[in-house]
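In the block that follows, a single chain appears as structure tokens, in the form predicted alone.
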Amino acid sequence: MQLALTILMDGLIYASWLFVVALGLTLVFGVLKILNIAHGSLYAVGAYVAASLVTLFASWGLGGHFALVAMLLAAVGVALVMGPLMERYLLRLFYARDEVVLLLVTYALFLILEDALKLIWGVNPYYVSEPYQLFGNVAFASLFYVGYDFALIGLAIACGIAVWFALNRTRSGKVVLAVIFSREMSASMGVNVDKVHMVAFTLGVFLAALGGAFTAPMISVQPGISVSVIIVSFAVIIIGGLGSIEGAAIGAVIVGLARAAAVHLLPEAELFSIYLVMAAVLIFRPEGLFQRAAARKI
């Protein structure tokens, strides 16, 4: 019983930060139809900038909860700089090309950002322990967890609800949904499609950087973290269905539980378990669990 509870909690904690990253990835695909491989690099940029800002704030004597402010500022700063820059001055040049070309462009950008991170921050790992100590320890049944882990679950739930509400209950969200359904019809009705694309992509960058910033206290920030997160994030959105917020949430939970079970029962199969689950889902639902049926365009 205790083992099952441990797997459940570890799976939910792993799924929480993974969902934040995958939410940005699925939002970008849903609106712009881009499988953004550079999303993992944006996650890494968020982690590096957050680590630097937290260290800087600490040197000024601004410890404690200012560390959380520093991480949030890091995510916002990365989104405001990288989002418009990438969408407006790079990706927009290739919208008329085949989707494979866009995929290759984001892959090239991923490689460039990987080297840029090494050039700026070097190859030595960064550690950010200050935020991890803020929430103390929490007793759950017979288990003890760091309170920061539960704060991450709350952050993931808040992000999911905020994005869902913004898309489905606000006027701006209705405009975004109209662009998703038909960008040509939306443009003919006076919608500024270019602006919608830039805002949606910037929000996706923000979610990637936010995931990286708030994961930084739990990991060693070093080269290679972007590769691992983008591979698992793609597994999440493929299981859930490309472009589905609900699918990203369920996919993150499935991946988190599968990984946690493998870590505790068969550590050698940690990554294999994720792709085994993905393959099993795709056998019965090739379009993913929550992919909506789309009308065929002629």
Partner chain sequence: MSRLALVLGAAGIMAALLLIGLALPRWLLFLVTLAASHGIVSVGILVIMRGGLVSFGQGLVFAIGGYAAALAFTQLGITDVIVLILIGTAAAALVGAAVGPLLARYTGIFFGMLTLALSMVAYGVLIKSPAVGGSDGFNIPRGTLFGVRLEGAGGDYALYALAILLTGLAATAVALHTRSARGLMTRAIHGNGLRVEYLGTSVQAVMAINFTIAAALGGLGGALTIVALGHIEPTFAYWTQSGEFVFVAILAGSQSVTAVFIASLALELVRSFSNLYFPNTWQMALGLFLLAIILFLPAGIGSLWAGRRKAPATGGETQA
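Residue numbers count along the first chain shown, from 1. This is a predicted model, so every value here is computed, not measured.
One more form of this protein, predicted in complex with the partner chain, exists but is not displayed; see below.
**Q** If we take heavy atoms and a 4.5 Å cut-off, which stretch out of 34 to 42, 48 to 56, 61 to 69, 251 to 259 is in contact with the partner chain in the model of the complex?
**A** Result for this chain: 34 to 42.
**Q** Among Ala139, Leu111, Leu85, Ala162, which has at least one heavy atom within 4.5 Å of the partner chain in the model of the complex?
**A** None of the others qualify; the residue that does is Leu111.
**Q** So which of Ile157, Ala166, Leu143, Leu103 reaches within 4.5 angstroms of the partner chain in the model of the complex, heavy atom to heavy atom?
**A** Partner contact (heavy atom, 4.5 Å) among the options: Leu103.
**Q** When the partner chain is placed as it is in the model of the complex, are Asp194, Val199 and Glu246 each within 4.5 Å of it, taking any non-hydrogen atom of the residue?
**A** The answer is no; none of Asp194, Val199 and Glu246 reaches the partner chain.
**Q** With the partner left out of view, is Leu119 within 4.5 angstroms of the partner chain in the model of the complex by any non-hydrogen atom?
**A** Contact with the partner chain, yes.
**Q** State yes or no: in the model of the complex, is some non-hydrogen atom of Leu90 no more than 4.5 angstroms from a non-hydrogen atom of the partner chain?
**A** Contact with the partner chain, yes.
**Q** Does Leu242 reach the partner chain in the model of the complex if we count a contact as any heavy atom within 4.5 Å?
**A** Contact check for Leu242: yes, within 4.5 Å of the partner chain in the model of the complex.
**Q** Classify Glu99 as contacting or not contacting the partner chain in the model of the complex by the rule of any non-hydrogen atom within 4.5 angstroms, answering yes or no.
**A** The answer is yes: Glu99 has a heavy atom within 4.5 Å of the partner chain.
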